[in-house]
Each structure stands twice: as C-alpha cells, then as structure tokens.
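In structure tokens, the next block holds one chain alone, the form predicted alone.
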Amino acid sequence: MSDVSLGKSVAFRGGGFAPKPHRWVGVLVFISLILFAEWGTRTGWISALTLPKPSDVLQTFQELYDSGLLFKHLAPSLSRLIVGAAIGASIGISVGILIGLFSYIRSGLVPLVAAIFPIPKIALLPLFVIWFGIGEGSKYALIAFGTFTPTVVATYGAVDNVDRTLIRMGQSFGLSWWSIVRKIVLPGAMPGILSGLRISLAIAIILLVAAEMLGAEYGIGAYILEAGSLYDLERLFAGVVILSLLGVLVSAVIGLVERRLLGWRT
C-alpha cells in the first residue's frame, strides 16, 4: 500500500540540493586556525619573522581602536569602496542587461568589453591619476572601472541563461515585451547577477588597497603600506585581517540580498 493511501506525508524535494546553513562550522574553522597559529608561534614551530602571534595582532587592534586610528583608516576606505563599487556595479548591471536584451547593443559592446576585460586594472592606476588627479577621483574611477567589467560579463551571461521555455510560455499567454522582461527575464537572471557581484566586489576591495597605496594619507591600503615599509608584522596582519573582515561583511550583505530577492527558489 502506498504512502499516499496510508495518509503519510511525503518529504518535500522541490528544493533539490539546496544547502543548509551551518554557520557554526565556519566559526569553528576560523577559531581552529587562530588557535593553531597561536600555538605554533608560541612554541617556535612557526617563526616569528613569518607570522606574528594572533594575540599580538589582537593587541594591535586594541591599540588602533583606543587611539582612534582604526576609524580614521576605515571610514575613508568604506566611503571609497561604497561609492566606487556602487557606480561600477550599477552601470555594469545596466549595460549587461542592455547587451542581453538588444542584438545591436550586443554586437557593438561585447567586443569592446572583451577587449578591456583582461586588462589588469591596477596597471591603469597611473593613467587614472593623470586623468582624475591624485585625490579621491582617481580612486573612485579605478574601483568603478574594476567593478564594471566583471559585472557586465556576469549580467549579460545571466540574461542569456534564462530558460527560453519560460519566455515562450509568457509569449503564448500574450504578455508584452516589457512584462516578459520584468516578470521572467530579470528574476531569472538575478541569481547570476548576484553571483557576479560577489566577484566584482572582491575585485573592488583589491583595487581599493592598490588605490590607497598611492597618494592616500588614511585608508586600509595606506596603513598596510606603512606597516610593510617598517616591517611591522603585527600592524601588517591587522590591516590584512581588516580586509578579510570587510570581505566577509560584503559577502554577508550579498547573502542577505539573495535571501530577500531569491526566496522563490526554495
């Protein structure tokens, strides 16, 4: 006799291979690595010239916080990252959607994007300094440009990967072109767009450090450059940890947006 005839509930399998969140596993991995590094540096198994003690790095964080230098360096970095990434990502998503929807725009812009995509963006920093000056403009421009190109590629790729069966179904129901774009194409492309944003924002953090190492008094990049020139490993690793935490924060924000916009996938 079947489960249905017996009145038994059947487990829902529509979610497929949806991963279950186990946040404590990530925390445990981080704690284990920190404890291992502390043990290795204290016992001499890891050279002090290679890796500082995590406890010393933590003490450096405390000194940065007490002196107020933490926010003096962090605030301008966040401002540059937010403004530059917002400009690059918004333009990149818009251009990517246009490329995905219109054949003439695709024919004109895809070769251009393919030409500029492989260029190392850090190599263009001197050019941006010439164009926009040594101040904030060149930093915003570098971050925006570095965020723009991968966002464009990810966006029009996501639009191309929307299931054409759904589009034909919308056409069969008499939906207008705009309704199909708004109700089928954009929601279907959103997972790919957000995945591309993860990569783009990670690139933006890398370019932020590079930009701040040239002509910036305050910023995480300037702090790391100063610590490196003095071979102050505690301060150097403190700056690296700040960048890592910034990357975790960006990933968490993208994850929150995914849960809000892509709840229909579950």
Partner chain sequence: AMNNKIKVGALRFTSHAGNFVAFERGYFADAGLDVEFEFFQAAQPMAVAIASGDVDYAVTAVSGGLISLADKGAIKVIGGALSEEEGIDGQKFLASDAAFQAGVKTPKDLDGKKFAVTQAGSSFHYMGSKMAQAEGIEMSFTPLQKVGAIIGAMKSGQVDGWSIVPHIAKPLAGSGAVHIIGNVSDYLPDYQVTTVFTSAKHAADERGMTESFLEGFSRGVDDYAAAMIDNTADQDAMVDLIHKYVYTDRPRDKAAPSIINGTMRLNKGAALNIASIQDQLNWFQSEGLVDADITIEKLVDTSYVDIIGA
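Residue numbers count along the first chain shown, from 1. Predicted, not measured: the structure shown is a model, and the values here were computed from it.
The protein also exists as the form predicted together with the partner chain; that form is not presented, and the subsequent description refers to it.
Just to confirm, with a 4.5 Å cut-off on non-hydrogen atoms, which of L233, A37, L70, L58 contacts the partner chain in the predicted complex? Comparing distances to the partner chain in the predicted complex, the residue within 4.5 Å is L233.
Please check if A238 has a heavy atom lying within 4.5 Å of any heavy atom of the partner chain in the predicted complex. A238 lies outside the contact set for the partner chain.
Can S229 be called a contact residue for the partner chain in the predicted complex at 4.5 Å between heavy atoms? Output for S229 is yes: heavy atoms within 4.5 Å of the partner chain.
Does the partner chain come within 4.5 Å of any heavy atom of M213 in the predicted complex? Within the cut-off, so yes.
Since only the chain is shown here, I'm wondering whether I82 would be in contact with the partner chain in the predicted complex (any heavy atom pair within 4.5 Å). Flag for I82 set to no.
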